[in-house]
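Single chain ahead, by itself, as structure tokens, in the form predicted on its own.
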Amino acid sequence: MSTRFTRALLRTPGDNYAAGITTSAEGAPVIARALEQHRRYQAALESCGLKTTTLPADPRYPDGTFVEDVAIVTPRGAVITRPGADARRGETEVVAAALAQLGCPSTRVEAPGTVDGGDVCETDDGVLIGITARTNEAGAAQLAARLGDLGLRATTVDIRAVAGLLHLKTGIAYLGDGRLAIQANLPALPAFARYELVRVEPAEGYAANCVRVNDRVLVAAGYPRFADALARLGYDPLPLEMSEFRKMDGGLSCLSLRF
């Protein structure tokens, strides 16, 4: 099941985290607060039964804490991405080495393909790959082929026309049980037809980037209607403060590789 995990790989925010790439107008993140939120995120993963490995910050890569973008990890191996932002491509080497040390072999996406892991949503019956400003068609095709070699079926979802979505998982998350959490402004595209859609109302759209981890669902704190909707469906929400990551276009899924 794609929501069952035993390990997670994270990377600590650095002192220059605020120098990363963002489209947000919410102001600069407070580094001390980001570090505390990151520690609580790690503790939450551990409370769900995961053994965590945390890489140190690298001042060359202020976006490096968003480790999800540089690899896709499956039970049969990993695919190291080629991030869509040039400034982030050097992040892949340390993550690839760390995954190898954890016993996870990997292949790679090569030029001219680009893929951000935030555009890749794993489900119980396959993988959804978003075509966005960060993941191009060549990268999606390469990734689909590599996932196919690992026995996983991939479906591409072109969301370039949907305003306000940096990544596919900005707007959706797989909850398990055949359900997708999905922002209300995202149309019911054909790729979503086989899932039950749990709509996240516009005022709480950020909360769509949640993470099912074993028996809990990590959710951004401050979005009570979505948390209540999850509880009514039988899930166990675990709210976490994410203010300093939202300021840098980041969400809950961005902060770890779970496998």
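In this text, residue numbers run from 1 along the sequence as written. Just so it is clear, the model here is predicted, and its values are computed rather than measured.
Note that the form predicted in complex with a small molecule isn't included here; everything after this is about it.
When contacts are judged by a 4.5 Å heavy atom cut-off, residue 13 does not count as touching the small molecule in the predicted complex. By the criterion of a heavy atom within 4.5 Å, residue 8 is excluded from the residues contacting the small molecule in the predicted complex. The small molecule in the predicted complex comes within 4.5 Å of a heavy atom belonging to residue 118. Although the partner is absent here, residue 134 is a contact residue: one of its heavy atoms lies within 4.5 angstroms of the small molecule in the predicted complex. Here the chain stands alone, but in the predicted complex its contact with the small molecule, taken as any heavy atom within 4.5 Å, falls in 161-169 among 183-191, 161-169, 146-154, 105-113. Residues 41, 239 and 241 are none of them found to lie within 4.5 Å of the small molecule in the predicted complex, as judged by heavy atom distances.
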